[in-house]
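Below you will find one chain, with nothing else, as structure tokens; this is the form predicted on its own, and questions on how it binds or moves follow later.
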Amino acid sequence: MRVHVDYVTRYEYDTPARLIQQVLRMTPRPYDGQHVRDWRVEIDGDGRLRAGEDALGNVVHMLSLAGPVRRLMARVIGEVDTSDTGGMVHGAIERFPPAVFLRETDLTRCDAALHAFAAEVAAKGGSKLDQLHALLGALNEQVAFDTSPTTSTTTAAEAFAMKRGVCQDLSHIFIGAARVMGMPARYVSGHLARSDGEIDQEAGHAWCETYVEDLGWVGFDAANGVCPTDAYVRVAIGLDYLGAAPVRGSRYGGGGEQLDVKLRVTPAGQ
């Protein structure tokens, strides 16, 4: 599948910012099943945009913009050719051994309820892959997709207690449970060409990958209850959302920030 992505983030400030610094993890890398045909990052301000890599091998752009800044726009636009690999990830850059992704974080830490949930899934037995598919099914049944109750700082335990959340929350729950079950797991940010034909989206997508012996890394989309297909564009990985977020940064000044995001993910032919 050929997928076209046009992702625009606009900031406006009632009081101009004196300095803006951001880390943009918005550029995909090629691997088996994903070929980046064309991709570029643009900003509309008079700032410095420096490309590089982070410790995990994600492509990052460091943005530094001196003020006064009243408006800022960052845009990524490009095309990616994808093929269905059955959710398996081969040919990607791997800087660390899988065991690194057993490390818990504040966002993925499991409480007693999540420990019990993971233990219940593991007790069903089967291979590691069978257990992960069982986890995917159980999570998809028990936690509803809902954009209302959670924020970017909601933890896996909090979302699981509410039995509601967005793709970020469902991914954190899956990651935390998989780690409790002894399987390395990591967060993935990217894009999804939706099967319902909806092109305009409110935000990028998120899923997770778990390491299975003799198979390698395998993707699981807890929000949709499936493994990733050729409709997915994989952009960045991290221990949790914070390590793979499309935009993270800080500013000095800039009171009254207003944020507007426009994202179009278009399969070829639409």
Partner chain sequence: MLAFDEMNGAPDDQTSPEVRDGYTAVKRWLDDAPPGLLKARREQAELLFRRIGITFAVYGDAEAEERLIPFDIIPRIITQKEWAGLERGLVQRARALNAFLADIYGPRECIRAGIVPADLILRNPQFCLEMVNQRPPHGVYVHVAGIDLVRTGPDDFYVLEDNCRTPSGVSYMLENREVMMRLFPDLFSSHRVAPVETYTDALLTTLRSVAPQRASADPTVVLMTPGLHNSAFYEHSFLADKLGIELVEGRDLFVQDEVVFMRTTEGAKRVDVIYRRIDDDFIDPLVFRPDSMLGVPGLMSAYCAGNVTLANAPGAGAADDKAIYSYMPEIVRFFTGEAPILKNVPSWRCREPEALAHVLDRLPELVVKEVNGSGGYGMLVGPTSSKAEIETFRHRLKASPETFIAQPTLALSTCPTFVESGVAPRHVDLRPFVLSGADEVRIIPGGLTRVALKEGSLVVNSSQGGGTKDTWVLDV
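These figures come from a predicted structure and were not determined experimentally. Positions refer to the first chain, counted from 1.
Just so you know, the form predicted in complex with its partner chain exists too; it's not on screen, but the next bit is about it.
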With the distance limit set at 4.5 angstroms and only heavy atoms considered, check whether R48, F96 and G249 all reach its partner chain in the predicted complex.
yes
Though its partner chain is not shown, can you say which of L102, A119, L129, A144 has a heavy atom within 4.5 Å of it in the predicted complex?
L102
Find the only residue in V36, A231, L56, L215 having a heavy atom within 4.5 Å of its partner chain in the predicted complex.
L56
Tell me, please, which stretch of 62-70, 197-205, 215-223, 37-45 lies within 4.5 angstroms of its partner chain in the predicted complex when heavy atoms are compared?
62-70
With a 4.5 Å heavy atom cut-off, would you call L239 a contact of its partner chain in the predicted complex?
yes
Is V23 a contact residue for its partner chain in the predicted complex, using a 4.5 Å heavy atom cut-off?
yes
Contact test in the predicted complex: L19 vs its partner chain, heavy atoms, 4.5 Å:
yes
Judged by heavy atom distances of 4.5 Å or less, which residues of 197-227 approach its partner chain in the predicted complex?
none
